[in-house]
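Just the one chain here, laid out as structure tokens, in the form predicted on its own.
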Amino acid sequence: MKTPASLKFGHAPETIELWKRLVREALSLSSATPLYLLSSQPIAERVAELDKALTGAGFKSEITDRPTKVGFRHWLSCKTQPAAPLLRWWREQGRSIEVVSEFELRAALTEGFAPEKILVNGPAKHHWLSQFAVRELAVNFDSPAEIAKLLPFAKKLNWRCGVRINPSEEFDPENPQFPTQFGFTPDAAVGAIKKLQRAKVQLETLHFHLRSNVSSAQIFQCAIAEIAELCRVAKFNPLHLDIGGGMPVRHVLTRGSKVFDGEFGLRAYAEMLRQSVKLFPGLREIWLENGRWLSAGSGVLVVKILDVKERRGVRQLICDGGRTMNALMSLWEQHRILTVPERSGADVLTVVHGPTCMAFDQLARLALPRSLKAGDHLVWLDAGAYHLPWETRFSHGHAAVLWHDESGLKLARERQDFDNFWGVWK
């Protein structure tokens, strides 16, 4: 397996060796490409790394009787990688899950998560959440309409309630002059807090989520300070501060070949949180919902070269998977590519295409060995976040999914066949 030296992604050698071994094993188990290969090991390593930074800053990973110690809790972002084996593996560790839709809540319950281990976020949930007579859920309200519709259920079912805030640091990344559509403005949040307090529900949490790839800890710090001022005005001391996710993804480049996390460090992040929690008397836990940062490195996409063309100074590889079907993230990002088998010789400018009839279907444009040929495989790294939920069936079926954990490698989802592809129609 080989990747050109012209792009620097920063993967550790042991990470590359892990994927080399797993891809070889996966291809021996199934020749049905494209396929996603997912592993729990990178997620476990990422959790341990963040735990070390936070405990080093004085946080406790579980609630203790010592009131001076604030704890922290990881919530698995179901939407980021909605794979059943991942949910089972996470649940077996006794961890918690965050869901944002009816299907995700059903998936969490189906996979055995206890209601007190489930956090319900997302907009417009008053149109579906009331059908679930589930006690002890954690629910963060997103709007006045949600509160109006769901308040009776919150009281009856003993939900642990929160309010999502839209701080000034939360904006549309593509159009920063506009806010996002989520949560209450700080002024409106004060009224929402008071309404929930008057109703005598279990109001415990304030929540915000800025966006993906937040570039520095200081941006989080500004948002937290704004939330603290809101608490002072509302005379409310939350038990939990839910800061969402948004830590920048690693080992992935922008289309301009810059790293996303160049200004972000875990020690600085943990120290920022240590200082910030002082603004919240009585705070018991920091809640973390890191999706991409946690799981991006836990998956790869494997595609097979079907055809090779050369024209206008570039070499074109036509593969059985690509952007349109399997990796919409390639529209914004560059990921490292390995080759199977390992090919040597001169590198040439190469465009990796998927099989669909779309010029848009370009997985990558980079230098790859001229010796690559039809029948070889390419491995697109860091495909563990938003690849499965954004997968399409554009003239083809969904890809196979293989899962790896401590018990080994197994086929977790068959490649979609025609009967399943077409049989959904009545």
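Residues carry their position along the shown sequence, with the first being 1. Source: prediction; values computed, not measured.
Although not depicted, the form predicted together with a small molecule is the subject of the following passage.
K.L.:
From the list 245, 71, 179, 85, which entry has a heavy atom within 4.5 Å of the small molecule in the predicted bound form?
P.N.:
Looking at the other structure, the residue within range turns out to be 245.
K.L.:
355, 291, 297, 183: which sits within 4.5 Å of the small molecule in the predicted bound form by any heavy atom?
P.N.:
Exactly one residue meets the criterion: 291.
K.L.:
Contact with the small molecule in the predicted bound form for residue 77, defined as at least one heavy atom pair within 4.5 Å: yes or no?
P.N.:
Output for residue 77 is yes: heavy atoms within 4.5 Å of the small molecule.
K.L.:
At the 4.5 Å heavy atom threshold, is residue 326 in contact with the small molecule in the predicted bound form?
P.N.:
Because no heavy atom of residue 326 falls inside 4.5 Å of the small molecule in the predicted bound form, the answer is no.
K.L.:
Is residue 212 close enough to the small molecule in the predicted bound form to count, meaning some heavy atom within 4.5 Å?
P.N.:
Residue 212: yes, in contact with the small molecule in the predicted bound form.
K.L.:
Please run the contact check for residue 125 against the small molecule in the predicted bound form: heavy atoms, 4.5 angstroms, yes or no?
P.N.:
No, residue 125 stays farther than 4.5 Å from the small molecule in the predicted bound form.
K.L.:
If we take heavy atoms and a 4.5 Å cut-off, which stretch out of 277-285, 256-264, 333-341, 203-211 is in contact with the small molecule in the predicted bound form?
P.N.:
This holds for exactly one stretch, 203-211.
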